[in-house]
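Given next, in structure tokens, is a single chain: the form predicted alone.
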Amino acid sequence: MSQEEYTMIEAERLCKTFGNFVAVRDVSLRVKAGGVLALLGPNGAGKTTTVRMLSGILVPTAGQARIAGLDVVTHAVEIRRRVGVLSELPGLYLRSTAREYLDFFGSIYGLPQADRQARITELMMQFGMSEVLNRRLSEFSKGMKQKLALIRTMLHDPEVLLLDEPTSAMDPQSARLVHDALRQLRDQHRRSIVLCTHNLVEAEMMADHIAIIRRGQIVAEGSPSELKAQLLGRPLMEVRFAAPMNGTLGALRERLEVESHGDTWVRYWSNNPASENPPLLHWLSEQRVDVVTLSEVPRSLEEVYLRVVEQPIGQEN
């Protein structure tokens, strides 16, 4: 089996209850080596609890989870060596400097002093933080603290990253540095990432698989394109012309299910763009209508997410 096909993160019917409250119910998921799963859902949906079970911090009430084939309960110590966890509230010791803080965690991870100093220097430079290496954390902005917490998560070069809102407090430039770093980990080092985020643009940009969790259950999952097809229906196409249609609209309405139109464009619903669009272009050519573009109208992950979370409970599918 190639590394790309290897399942790095696997959960089977994970459940977690706190007294009578069911936080997570029957959550199953898989992430391959080099895969990125975005776990989406409203506040209190069960995202953080799921991540804590995957990292071995919380023991599942029922079900199983494995990281690199190791059970997260029976091999909890080994799991923590292989996993980097960024919690929503990372908790920084504000009296320490950035170097002292990272050096402490590097020693906890068992990195030799020379190695951890080199790694600290490398990561602080990558995230544009070199100049604040010897400043106290009490002087850091929220975004700087968030970047430092992420650096701590990556310090021991883990195989798996479990990230809860990694860019929540960051300006666009800092967020871009984080995205670039995560892409490098994904593409060049084949690291596996679970990304909990409310930033749907970030999720669509970074993830190859999306799972939407609601009241502790996964209610929709798939690639961004699969979810759009499943939940938003037929693709909406747009054809743009070099000049006004000059009376062609009526004939177009007989061929297409027109959604909207202007003087030089038409949007229409398509059942099968691959088979329907070539004859359409041929017909337009025969009508001496010059086509500038023909493309699918982009639909956002936000539309999918809102469609799922606004549905009555039990009607998500």
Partner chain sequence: MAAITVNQSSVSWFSGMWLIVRRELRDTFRDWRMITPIVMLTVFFPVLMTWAAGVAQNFVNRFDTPLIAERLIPFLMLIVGFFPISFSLVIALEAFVGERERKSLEPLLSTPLSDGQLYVGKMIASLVPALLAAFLGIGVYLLGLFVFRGWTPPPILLAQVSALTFMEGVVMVAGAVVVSSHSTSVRAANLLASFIIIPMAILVQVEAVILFQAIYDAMWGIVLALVVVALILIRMGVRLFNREELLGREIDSINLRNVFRRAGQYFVAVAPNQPRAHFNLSGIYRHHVPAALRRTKNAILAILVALGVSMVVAWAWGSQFSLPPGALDFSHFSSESFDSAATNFLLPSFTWHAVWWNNTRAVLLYFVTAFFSFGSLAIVLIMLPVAPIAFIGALVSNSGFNPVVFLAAFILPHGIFELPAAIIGAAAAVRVGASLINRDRSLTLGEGWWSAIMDFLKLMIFVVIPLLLLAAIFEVHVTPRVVCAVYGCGG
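Predicted model, so just to flag it, every value in this text is computed and none were measured. Positions refer to the first chain, counted from 1.
Note that the form predicted in complex with its partner chain isn't included here; everything after this is about it.
Here the chain stands by itself, but in the predicted complex one stretch of 222 to 230, 118 to 126, 242 to 250, 209 to 217, 118 to 126, has heavy atoms within 4.5 Å of its partner chain. Among residues of the shown chain, Leu155 is one whose heavy atoms approach its partner chain to within 4.5 Å in the predicted complex.
Proximity of Phe140 to its partner chain in the predicted complex falls outside the 4.5 Å heavy atom cutoff. Its partner chain is not shown here, and in the predicted complex it never comes within 4.5 Å of any heavy atom of Ala169. Among heavy atoms of Ile57, some come within 4.5 Å of its partner chain in the predicted complex. Interface residues of 7 to 36, taken as those with a heavy atom within 4.5 Å of its partner chain in the predicted complex (partner not displayed): Lys16, Phe18, Gly19, Asn20, in sequence order.
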